[in-house]
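The form predicted on its own is given below as one chain in C-alpha coordinates.
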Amino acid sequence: MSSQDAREQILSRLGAHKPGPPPTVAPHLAWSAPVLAPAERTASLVKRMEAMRAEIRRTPEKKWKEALAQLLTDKGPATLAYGPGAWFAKDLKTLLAKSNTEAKPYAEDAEHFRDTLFGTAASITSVQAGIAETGALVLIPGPGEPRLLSLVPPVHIAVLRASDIVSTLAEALETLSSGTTMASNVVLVTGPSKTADIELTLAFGVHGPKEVVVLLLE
(Lines give C-alpha, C1' and ligand atoms only; values in the text may rest on other atoms or scores of the structure.)
Protein backbone atom coordinates (compact mmCIF):
# COMPACT_ATOMS: atom_id res chain seq x y z
CA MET A 1 0.00 0.00 0.00
CA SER A 2 1.35 3.36 -0.92
CA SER A 3 1.62 6.15 1.61
CA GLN A 4 -1.06 8.03 -0.31
CA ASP A 5 -3.49 5.06 -0.02
CA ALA A 6 -2.73 4.72 3.71
CA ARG A 7 -3.37 8.41 4.22
CA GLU A 8 -6.71 8.22 2.41
CA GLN A 9 -7.76 5.20 4.47
CA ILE A 10 -6.94 6.99 7.70
CA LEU A 11 -8.82 10.12 6.64
CA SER A 12 -11.75 7.99 5.51
CA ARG A 13 -11.99 6.25 8.88
CA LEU A 14 -11.72 9.58 10.70
CA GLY A 15 -14.44 11.07 8.50
CA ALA A 16 -16.75 8.10 9.08
CA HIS A 17 -16.35 8.23 12.85
CA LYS A 18 -19.43 9.50 14.65
CA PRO A 19 -18.74 10.79 18.14
CA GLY A 20 -20.86 9.26 20.83
CA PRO A 21 -22.57 11.06 23.70
CA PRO A 22 -20.29 12.50 26.36
CA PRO A 23 -19.69 10.27 29.37
CA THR A 24 -21.93 10.81 32.32
CA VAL A 25 -20.83 10.95 35.94
CA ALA A 26 -22.86 9.30 38.65
CA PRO A 27 -24.32 11.89 41.01
CA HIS A 28 -22.46 10.48 44.00
CA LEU A 29 -19.13 10.80 42.10
CA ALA A 30 -19.68 14.33 40.79
CA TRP A 31 -17.40 17.03 42.20
CA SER A 32 -18.51 20.53 42.95
CA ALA A 33 -16.25 23.44 43.72
CA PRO A 34 -16.39 24.52 47.35
CA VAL A 35 -18.38 27.63 48.09
CA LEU A 36 -16.41 29.67 50.61
CA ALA A 37 -17.31 32.81 52.50
CA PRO A 38 -14.99 35.81 51.98
CA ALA A 39 -13.17 35.25 55.27
CA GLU A 40 -12.68 31.57 54.44
CA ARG A 41 -11.28 32.42 51.02
CA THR A 42 -8.76 34.82 52.51
CA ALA A 43 -7.74 32.37 55.25
CA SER A 44 -7.27 29.55 52.74
CA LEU A 45 -5.17 31.63 50.36
CA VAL A 46 -2.94 32.93 53.18
CA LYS A 47 -2.45 29.44 54.63
CA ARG A 48 -1.53 27.86 51.30
CA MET A 49 0.77 30.64 50.14
CA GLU A 50 2.62 30.75 53.45
CA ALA A 51 3.14 27.00 53.12
CA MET A 52 4.95 27.79 49.83
CA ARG A 53 7.18 30.36 51.62
CA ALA A 54 5.35 33.43 50.39
CA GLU A 55 5.20 36.29 52.88
CA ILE A 56 1.77 37.83 53.49
CA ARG A 57 1.35 41.33 54.87
CA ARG A 58 -2.25 42.23 55.64
CA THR A 59 -3.33 45.84 55.89
CA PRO A 60 -6.51 47.91 55.62
CA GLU A 61 -6.80 49.10 52.01
CA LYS A 62 -6.90 52.75 53.01
CA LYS A 63 -3.47 52.34 54.65
CA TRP A 64 -1.74 50.58 51.77
CA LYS A 65 0.75 53.38 51.21
CA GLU A 66 1.97 53.26 54.79
CA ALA A 67 2.17 49.46 54.65
CA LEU A 68 4.16 49.54 51.41
CA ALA A 69 6.51 52.20 52.77
CA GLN A 70 7.16 49.99 55.81
CA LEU A 71 7.70 46.96 53.59
CA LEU A 72 10.29 48.84 51.51
CA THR A 73 12.00 50.02 54.69
CA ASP A 74 12.16 46.44 55.96
CA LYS A 75 13.40 44.90 52.70
CA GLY A 76 15.55 47.84 51.65
CA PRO A 77 15.65 47.32 47.87
CA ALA A 78 17.85 49.89 46.14
CA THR A 79 15.62 49.81 43.05
CA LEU A 80 12.00 48.89 42.38
CA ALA A 81 10.55 48.18 38.94
CA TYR A 82 6.86 48.73 38.25
CA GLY A 83 4.47 49.00 35.36
CA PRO A 84 3.11 52.47 34.51
CA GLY A 85 -0.28 50.82 33.95
CA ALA A 86 -0.66 49.57 37.53
CA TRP A 87 -3.58 51.11 39.42
CA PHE A 88 -1.16 52.36 42.10
CA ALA A 89 1.55 53.65 39.73
CA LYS A 90 0.91 57.35 40.27
CA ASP A 91 0.91 57.10 44.07
CA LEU A 92 3.89 54.75 43.97
CA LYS A 93 5.98 57.28 42.09
CA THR A 94 5.26 59.88 44.77
CA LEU A 95 5.94 57.40 47.55
CA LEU A 96 9.28 56.31 46.13
CA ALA A 97 10.41 59.92 45.69
CA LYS A 98 10.37 60.17 49.50
CA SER A 99 12.23 56.88 50.09
CA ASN A 100 15.69 55.43 49.56
CA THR A 101 14.38 53.17 46.80
CA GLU A 102 14.90 54.29 43.21
CA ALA A 103 11.91 53.91 40.89
CA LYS A 104 12.40 51.94 37.68
CA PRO A 105 9.28 52.36 35.51
CA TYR A 106 8.98 49.64 32.88
CA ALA A 107 8.15 52.05 30.06
CA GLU A 108 10.28 50.57 27.26
CA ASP A 109 9.99 47.39 25.25
CA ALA A 110 11.55 44.24 26.71
CA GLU A 111 14.60 44.39 24.49
CA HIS A 112 15.59 47.83 25.75
CA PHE A 113 14.52 47.39 29.39
CA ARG A 114 15.94 43.87 29.84
CA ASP A 115 19.36 44.84 31.24
CA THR A 116 17.79 47.35 33.62
CA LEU A 117 15.30 44.78 34.85
CA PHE A 118 17.95 42.12 35.47
CA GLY A 119 19.81 44.66 37.59
CA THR A 120 16.73 45.68 39.59
CA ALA A 121 16.46 44.56 43.22
CA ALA A 122 12.68 44.20 43.38
CA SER A 123 9.47 44.62 41.42
CA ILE A 124 5.86 45.34 42.26
CA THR A 125 2.76 44.29 40.34
CA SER A 126 -0.97 44.36 40.78
CA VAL A 127 -2.88 41.08 41.08
CA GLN A 128 -6.13 40.49 39.23
CA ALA A 129 -7.34 37.63 41.45
CA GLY A 130 -6.36 35.24 44.21
CA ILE A 131 -7.39 31.58 44.24
CA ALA A 132 -8.26 30.23 47.69
CA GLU A 133 -8.38 26.57 46.66
CA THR A 134 -4.75 26.44 45.51
CA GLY A 135 -3.20 29.49 47.13
CA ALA A 136 -2.30 31.17 43.86
CA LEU A 137 -2.19 34.70 42.52
CA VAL A 138 -3.51 35.44 39.03
CA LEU A 139 -1.58 38.05 37.08
CA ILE A 140 -2.62 39.15 33.62
CA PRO A 141 0.38 40.85 32.01
CA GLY A 142 -0.03 43.51 29.37
CA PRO A 143 1.68 46.63 28.04
CA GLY A 144 0.94 48.46 31.30
CA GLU A 145 2.46 45.70 33.44
CA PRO A 146 4.68 43.41 31.34
CA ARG A 147 5.11 39.76 32.27
CA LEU A 148 8.84 39.98 33.09
CA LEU A 149 8.08 42.16 36.11
CA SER A 150 6.97 39.13 38.11
CA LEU A 151 9.61 36.76 36.74
CA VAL A 152 13.00 38.47 36.83
CA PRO A 153 13.79 40.61 39.94
CA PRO A 154 14.76 38.59 43.04
CA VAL A 155 11.96 40.10 45.13
CA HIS A 156 8.39 40.30 43.82
CA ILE A 157 5.84 42.41 45.69
CA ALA A 158 2.27 41.54 44.67
CA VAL A 159 -0.61 43.84 45.61
CA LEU A 160 -3.88 41.95 46.06
CA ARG A 161 -7.25 43.17 47.21
CA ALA A 162 -9.00 40.68 49.49
CA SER A 163 -12.22 41.36 47.57
CA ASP A 164 -10.56 39.84 44.49
CA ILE A 165 -9.99 36.43 46.12
CA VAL A 166 -12.22 33.73 44.64
CA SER A 167 -12.68 30.09 45.56
CA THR A 168 -11.38 28.24 42.50
CA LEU A 169 -9.39 28.63 39.28
CA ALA A 170 -12.59 28.09 37.29
CA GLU A 171 -14.24 30.96 39.14
CA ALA A 172 -11.22 33.18 38.54
CA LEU A 173 -11.21 32.48 34.81
CA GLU A 174 -14.94 33.02 34.58
CA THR A 175 -14.68 36.31 36.47
CA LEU A 176 -11.70 37.63 34.55
CA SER A 177 -13.10 36.73 31.14
CA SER A 178 -16.60 37.98 31.84
CA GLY A 179 -17.71 40.30 29.06
CA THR A 180 -14.30 40.46 27.42
CA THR A 181 -11.90 38.27 25.48
CA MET A 182 -9.74 36.15 27.75
CA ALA A 183 -6.13 37.30 27.97
CA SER A 184 -3.60 35.44 25.84
CA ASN A 185 -1.20 35.20 28.76
CA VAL A 186 -1.91 34.49 32.42
CA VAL A 187 0.69 34.05 35.17
CA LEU A 188 -0.10 32.01 38.30
CA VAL A 189 2.13 32.68 41.31
CA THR A 190 2.09 30.41 44.35
CA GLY A 191 5.32 31.59 45.97
CA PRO A 192 9.03 31.99 45.25
CA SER A 193 10.53 30.23 42.24
CA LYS A 194 11.20 26.56 43.03
CA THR A 195 13.04 23.72 41.33
CA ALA A 196 14.17 20.25 42.32
CA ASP A 197 15.81 19.27 39.04
CA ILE A 198 19.15 18.33 40.60
CA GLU A 199 19.09 15.30 42.92
CA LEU A 200 15.56 16.22 44.02
CA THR A 201 16.98 18.91 46.28
CA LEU A 202 14.47 21.75 46.49
CA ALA A 203 16.07 25.09 45.66
CA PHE A 204 14.42 28.51 45.68
CA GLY A 205 15.06 31.40 43.35
CA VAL A 206 17.01 29.58 40.67
CA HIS A 207 14.74 30.53 37.79
CA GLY A 208 12.87 33.51 39.22
CA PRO A 209 12.14 35.51 42.38
CA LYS A 210 13.66 34.23 45.61
CA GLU A 211 11.08 36.09 47.62
CA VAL A 212 7.38 36.81 47.06
CA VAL A 213 5.64 39.28 49.35
CA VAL A 214 1.89 39.70 49.07
CA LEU A 215 0.50 43.03 50.24
CA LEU A 216 -3.05 42.00 51.04
CA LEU A 217 -5.48 44.92 51.15
CA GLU A 218 -8.56 44.28 53.29
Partner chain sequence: MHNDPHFDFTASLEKALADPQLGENFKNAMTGLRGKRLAIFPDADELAKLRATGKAVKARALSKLPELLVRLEANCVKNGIRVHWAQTGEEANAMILDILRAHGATRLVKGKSMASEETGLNHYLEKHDVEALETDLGEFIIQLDGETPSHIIVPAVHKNKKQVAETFHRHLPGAPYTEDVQELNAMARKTLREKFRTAHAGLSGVNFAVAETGTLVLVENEGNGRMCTHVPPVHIALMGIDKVVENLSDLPPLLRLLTGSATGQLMTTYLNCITSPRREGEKDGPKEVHLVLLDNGRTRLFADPQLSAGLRCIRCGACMNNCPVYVRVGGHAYGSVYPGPIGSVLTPQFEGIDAKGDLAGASSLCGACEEVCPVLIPLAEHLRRIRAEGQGCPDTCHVRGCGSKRTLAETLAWKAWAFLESNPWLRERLLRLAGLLGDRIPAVGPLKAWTSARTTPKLAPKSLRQLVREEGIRHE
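We call the rigid core the largest set of C-alpha positions that still match within 1.5 Å between the two forms. This is a predicted model, so every value here is computed, not measured. Numbering follows the first chain given and starts at 1.
Beyond the structure shown, there is the form predicted in complex with its partner chain, which is absent from this document and is the topic of what follows.
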| item | value |
| --- | --- |
| Distance check, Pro77 to its partner chain in the predicted complex, heavy atom within 4.5 Å | no |
| Touches its partner chain in the predicted complex: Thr42 (any heavy atom, 4.5 Å) | no |
| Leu169: touches its partner chain in the predicted complex, heavy atom cutoff 4.5 angstroms | yes |
| 4.5 Å heavy atom contact, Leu29 to its partner chain in the predicted complex | yes |
| Heavy atom within 4.5 Å of its partner chain in the predicted complex - the one residue of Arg57, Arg48, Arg161, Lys65 that qualifies | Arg48 |
| Contact set, 106-128 vs its partner chain in the predicted complex - heavy atom within 4.5 angstroms | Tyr106, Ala107, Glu108, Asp109, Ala110, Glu111, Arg114, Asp115, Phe118 |
| Exceeds or equals 2 Å, Cα of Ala51 between this form and the one not shown, core fit | no |
